[in-house]
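Below you'll find only one chain, the form predicted alone, shown as C-alpha coordinates.
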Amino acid sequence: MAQIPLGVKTHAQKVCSLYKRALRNLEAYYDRRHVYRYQAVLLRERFDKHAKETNMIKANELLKEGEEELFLKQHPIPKYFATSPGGVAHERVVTPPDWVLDYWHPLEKAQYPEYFKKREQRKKEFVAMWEKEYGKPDEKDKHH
(Lines give C-alpha, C1' and ligand atoms only; values in the text may rest on other atoms or scores of the structure.)
Protein backbone atom coordinates (compact mmCIF):
# COMPACT_ATOMS: atom_id res chain seq x y z
CA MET A 1 0.00 0.00 0.00
CA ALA A 2 1.38 3.38 -0.98
CA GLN A 3 2.12 5.85 1.78
CA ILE A 4 1.28 9.51 1.42
CA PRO A 5 4.23 11.69 2.47
CA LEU A 6 3.49 13.43 5.76
CA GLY A 7 4.63 16.88 4.63
CA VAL A 8 2.26 17.15 1.64
CA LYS A 9 -1.03 18.96 2.21
CA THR A 10 -3.97 19.17 -0.16
CA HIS A 11 -5.30 22.52 -1.29
CA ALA A 12 -8.36 22.06 0.94
CA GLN A 13 -6.14 21.40 3.98
CA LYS A 14 -4.15 24.54 3.25
CA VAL A 15 -7.35 26.60 3.00
CA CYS A 16 -8.68 25.14 6.27
CA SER A 17 -5.36 25.89 7.97
CA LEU A 18 -5.44 29.47 6.70
CA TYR A 19 -9.03 29.88 7.93
CA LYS A 20 -8.20 28.57 11.41
CA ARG A 21 -5.09 30.74 11.72
CA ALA A 22 -7.12 33.76 10.59
CA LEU A 23 -9.74 33.02 13.26
CA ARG A 24 -7.02 32.74 15.92
CA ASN A 25 -5.63 36.05 14.73
CA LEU A 26 -9.07 37.63 15.14
CA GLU A 27 -9.23 36.25 18.69
CA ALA A 28 -6.02 38.12 19.47
CA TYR A 29 -7.45 41.40 18.18
CA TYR A 30 -10.97 41.28 19.64
CA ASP A 31 -11.42 40.49 23.32
CA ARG A 32 -15.19 41.11 23.33
CA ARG A 33 -16.92 37.89 22.31
CA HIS A 34 -19.73 39.51 20.32
CA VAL A 35 -17.29 41.68 18.35
CA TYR A 36 -15.09 38.65 17.65
CA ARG A 37 -18.09 36.60 16.48
CA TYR A 38 -19.16 39.41 14.11
CA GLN A 39 -15.65 39.56 12.61
CA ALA A 40 -15.56 35.75 12.39
CA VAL A 41 -18.83 35.74 10.42
CA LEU A 42 -17.41 38.34 8.03
CA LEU A 43 -14.28 36.24 7.61
CA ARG A 44 -16.33 33.09 6.95
CA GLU A 45 -18.31 34.95 4.33
CA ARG A 46 -15.07 35.88 2.55
CA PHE A 47 -13.99 32.23 2.52
CA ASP A 48 -17.43 30.94 1.46
CA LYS A 49 -17.52 33.37 -1.46
CA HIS A 50 -14.74 31.40 -3.15
CA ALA A 51 -15.54 27.92 -1.81
CA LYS A 52 -16.83 26.63 -5.17
CA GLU A 53 -13.82 27.86 -7.17
CA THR A 54 -12.97 25.18 -9.73
CA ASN A 55 -10.08 26.94 -11.46
CA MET A 56 -7.06 25.73 -9.47
CA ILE A 57 -4.83 28.53 -10.74
CA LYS A 58 -7.29 31.10 -9.38
CA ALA A 59 -7.74 29.06 -6.17
CA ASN A 60 -3.98 28.94 -5.57
CA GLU A 61 -3.75 32.66 -6.26
CA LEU A 62 -6.50 33.33 -3.69
CA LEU A 63 -4.72 31.12 -1.15
CA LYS A 64 -1.44 32.98 -1.71
CA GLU A 65 -3.19 36.35 -1.30
CA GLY A 66 -4.85 35.09 1.89
CA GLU A 67 -1.53 33.94 3.35
CA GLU A 68 0.04 37.32 2.54
CA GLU A 69 -2.90 39.22 4.08
CA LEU A 70 -2.73 37.13 7.24
CA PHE A 71 1.02 37.73 7.47
CA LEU A 72 0.59 41.49 7.09
CA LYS A 73 -2.31 41.67 9.58
CA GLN A 74 -0.99 39.30 12.23
CA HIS A 75 -1.26 40.52 15.79
CA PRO A 76 2.04 41.70 17.32
CA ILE A 77 1.36 39.73 20.51
CA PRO A 78 -0.63 36.65 19.46
CA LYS A 79 -2.64 34.64 21.97
CA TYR A 80 -1.42 31.15 22.80
CA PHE A 81 -3.13 28.44 24.80
CA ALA A 82 -1.34 28.13 28.12
CA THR A 83 0.01 24.63 27.51
CA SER A 84 0.76 25.11 23.79
CA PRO A 85 4.26 25.96 22.53
CA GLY A 86 4.73 29.64 23.29
CA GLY A 87 2.18 29.57 26.12
CA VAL A 88 3.03 30.47 29.70
CA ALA A 89 2.64 26.90 30.98
CA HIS A 90 4.24 25.03 28.06
CA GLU A 91 6.23 22.07 29.42
CA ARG A 92 5.87 23.45 32.95
CA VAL A 93 4.87 20.09 34.40
CA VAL A 94 7.70 17.62 33.82
CA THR A 95 6.63 14.00 33.67
CA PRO A 96 9.55 11.90 34.88
CA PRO A 97 10.50 8.88 32.75
CA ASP A 98 9.54 5.41 33.93
CA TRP A 99 13.13 4.30 34.67
CA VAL A 100 13.27 6.73 37.61
CA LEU A 101 11.17 4.23 39.58
CA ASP A 102 14.01 1.71 39.32
CA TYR A 103 16.10 3.96 41.56
CA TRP A 104 13.55 4.22 44.35
CA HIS A 105 14.72 2.98 47.76
CA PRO A 106 13.25 -0.41 48.77
CA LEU A 107 11.38 1.27 51.65
CA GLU A 108 9.72 3.61 49.15
CA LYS A 109 8.78 0.67 46.93
CA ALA A 110 7.37 -1.16 49.97
CA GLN A 111 4.66 1.51 50.26
CA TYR A 112 3.20 0.33 46.91
CA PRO A 113 3.74 -3.45 46.89
CA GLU A 114 1.02 -4.38 44.35
CA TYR A 115 2.16 -1.75 41.88
CA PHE A 116 5.82 -2.75 41.98
CA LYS A 117 4.98 -6.47 41.84
CA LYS A 118 2.96 -5.87 38.66
CA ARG A 119 5.66 -3.54 37.31
CA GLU A 120 8.39 -6.15 37.74
CA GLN A 121 6.19 -8.74 36.03
CA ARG A 122 5.59 -6.37 33.09
CA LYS A 123 9.31 -5.65 32.82
CA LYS A 124 9.99 -9.40 32.56
CA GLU A 125 7.27 -9.75 29.91
CA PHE A 126 8.75 -6.83 27.97
CA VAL A 127 12.26 -8.33 28.07
CA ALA A 128 10.86 -11.70 26.89
CA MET A 129 8.97 -10.01 24.06
CA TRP A 130 12.08 -8.02 23.07
CA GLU A 131 14.30 -11.12 23.06
CA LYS A 132 11.73 -13.04 21.03
CA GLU A 133 11.57 -10.29 18.41
CA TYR A 134 15.22 -9.14 18.32
CA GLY A 135 17.15 -11.97 19.96
CA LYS A 136 19.29 -11.95 23.08
CA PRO A 137 22.13 -9.45 23.32
CA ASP A 138 25.60 -10.79 22.64
CA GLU A 139 27.85 -11.36 25.65
CA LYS A 140 30.69 -9.42 24.02
CA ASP A 141 28.40 -6.34 23.70
CA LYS A 142 27.67 -6.31 27.45
CA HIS A 143 31.29 -5.57 28.38
CA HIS A 144 31.75 -2.55 26.12
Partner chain sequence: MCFNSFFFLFFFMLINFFFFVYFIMNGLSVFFEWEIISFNSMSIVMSILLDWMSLLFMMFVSLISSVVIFYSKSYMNSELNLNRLIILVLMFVFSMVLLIISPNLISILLGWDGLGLISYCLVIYYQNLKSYNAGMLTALSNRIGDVMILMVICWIMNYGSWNYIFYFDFMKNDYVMFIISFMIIIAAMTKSAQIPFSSWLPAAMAAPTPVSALVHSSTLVTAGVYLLIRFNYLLIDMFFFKVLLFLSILTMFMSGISANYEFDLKKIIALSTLSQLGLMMSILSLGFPDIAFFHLLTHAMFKALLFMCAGVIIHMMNDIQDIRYMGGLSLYIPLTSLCLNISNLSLCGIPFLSGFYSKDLILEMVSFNSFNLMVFILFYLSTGLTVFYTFRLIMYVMISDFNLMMIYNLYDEDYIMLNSMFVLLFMSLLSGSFLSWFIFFYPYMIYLPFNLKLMVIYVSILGSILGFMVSNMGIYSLNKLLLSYNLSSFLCLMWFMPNLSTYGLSYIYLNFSQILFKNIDMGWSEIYSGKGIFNILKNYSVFYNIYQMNNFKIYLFSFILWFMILFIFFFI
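Positions refer to the first chain, counted from 1. What you see is a predicted model, and the numbers here were worked out from it, not measured in a lab.
Keep in mind that the form predicted in complex with the partner chain is missing from the display, and what follows is about it.
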Can you say which of 91 to 99, 44 to 52, 59 to 67, 112 to 120 gets within 4.5 Å of the partner chain in the predicted bound form, counting heavy atoms only?
-> 91 to 99
Taking 4.5 angstroms as the cut-off for heavy atoms, does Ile77 touch the partner chain in the predicted bound form?
-> yes
Going by a heavy atom distance of 4.5 Å, is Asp31 a contact of the partner chain in the predicted bound form?
-> yes
